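Form predicted on its own, single chain, as structure tokens, below.
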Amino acid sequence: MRDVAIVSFASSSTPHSDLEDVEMLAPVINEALARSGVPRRDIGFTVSGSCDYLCGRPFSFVMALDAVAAWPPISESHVEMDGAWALYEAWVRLQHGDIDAALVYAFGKSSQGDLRAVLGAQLDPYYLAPLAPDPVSFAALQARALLDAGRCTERDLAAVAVRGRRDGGLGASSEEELLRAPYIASPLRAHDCPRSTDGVAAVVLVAGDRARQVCERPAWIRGIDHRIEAHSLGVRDLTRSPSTELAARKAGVAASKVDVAEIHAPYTHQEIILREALGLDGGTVINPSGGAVASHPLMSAGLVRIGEAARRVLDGTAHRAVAHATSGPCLQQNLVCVLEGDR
């Protein structure tokens, strides 16, 4: 296996943007490339993550290619998925050995439609989609199961929100203040749900010695794996995430101390489930960026978690970091990435 590292990361998010996808992407991609030290002509593979039915335009990712200068022709791919899975494809592509650098980017505009309605298209078309449930209601069912199992309290959920809002720059709040807020889908309150934003992210991956040439302290991908749960929620234990546990084991999370973990938990109770699944202890700093509670740009939020974890390795804040990404209702699909810096 070739050593592959993240050498740069850039992102941007806002509650609402009037810009087109290309206009949002271009400055972020240019920033990531400039930070990487890799000339655009040396990027051997480009891959993106997005969702066509989010913006309501078929093949919208083709139009977004204007942001990466697709002429002369480039080797390009796309996943109808969060950008974290695009990063996985880029990592696999670099294992082929014929190229040394790849660009990964992701984009999504949550403000373009009603997410509660749009995300219903992910559901089983025979048994669940006709009932028109929304993701908040599903998350509330999961949170209720976790509370009824005695694994946490509503105060524990509020504590996650307090930390996320503080670290994400949304201002200070107390647990008591948050617990006085009304339910939007019991037992979830507004602060327990993701703060939807329009956002983009870009990462540059470089293999082997080239990574050390362009970056003083590369964030090496020492393990990466992704797994999926059964599609039907009725056959799953919603209080656990076996796919995350398996991905963490395959990626080698438990091999050494984890300094920082960026967990993609759109709802506060999901962070509790994922901390247990990843086997993290009290010595790990969780979501120093604020996590999805502070900002959740659909389709790029998972890539942002990987980028934020890499940022801590790149700047020397952490030696070993774990990043997690999820997609689908109630933590249906999960990816785990272990990053390390050189000693």
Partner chain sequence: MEGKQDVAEGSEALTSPYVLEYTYRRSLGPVVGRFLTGLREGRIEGVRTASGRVLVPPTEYDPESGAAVGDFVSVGVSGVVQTWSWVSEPRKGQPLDRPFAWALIKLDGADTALLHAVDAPSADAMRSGMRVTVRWRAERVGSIHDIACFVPGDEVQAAEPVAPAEPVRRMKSPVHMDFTIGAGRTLSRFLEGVVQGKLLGRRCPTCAKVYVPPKGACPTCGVPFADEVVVSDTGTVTSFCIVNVPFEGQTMKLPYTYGSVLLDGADIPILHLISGIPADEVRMGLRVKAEWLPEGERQPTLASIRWFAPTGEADAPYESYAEHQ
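Here the structure is a predicted model, which is why all the values come from computation and not from measurement. Positions refer to the first chain, counted from 1.
Beyond the structure shown, there is the form predicted in complex with the partner chain, which is absent from this document and is the topic of what follows.
Could you tell me if residue 166 has a non-hydrogen atom within 4.5 Å of the partner chain in the model of the complex?
No.
Within 4.5 Å, heavy atoms only: does residue 173 come near the partner chain in the model of the complex?
Taking the distances in the model of the complex, the answer for residue 173 is no, it never comes within 4.5 Å of the partner chain.
Using 4.5 Å between non-hydrogen atoms, is residue 267 touching the partner chain in the model of the complex?
It does: once the partner chain is placed as it appears in the model of the complex, residue 267 has a heavy atom within 4.5 Å of it.
Determine whether any heavy atom of residue 144 comes within 4.5 Å of a heavy atom of the partner chain in the model of the complex, and answer yes or no.
Result yes; residue 144 sits at the interface with the partner chain in the model of the complex.
Let me know the one among 209, 148, 98, 216 whose heavy atoms come within 4.5 Å of the partner chain in the model of the complex, would you?
Partner contact (heavy atom, 4.5 Å) among the options: 148.
Answer with one of 79, 158, 118, 224: the residue that has a non-hydrogen atom within 4.5 Å of the partner chain in the model of the complex.
Looking at 79, 158, 118, 224 one by one, just 118 meets the 4.5 Å heavy-atom criterion.
For the partner chain, considered in the model of the complex: do all three of 180, 258 and 342 come within 4.5 Å of it, counting heavy atoms only?
None of them does, since no heavy atom lies within 4.5 Å of the partner.
Picking from 52-60, 314-322, 280-288, 301-309, which part of the chain touches the partner chain in the model of the complex when contact means heavy atoms within 4.5 Å?
In short, 52-60.
Within 4.5 Å of the partner chain in the model of the complex, which residues of 28-50 have a heavy atom? Give them in sequence order, or say none.
Going through 28-50 in order - heavy atoms within 4.5 Å of the partner chain in the model of the complex - the hits are 30, 40.
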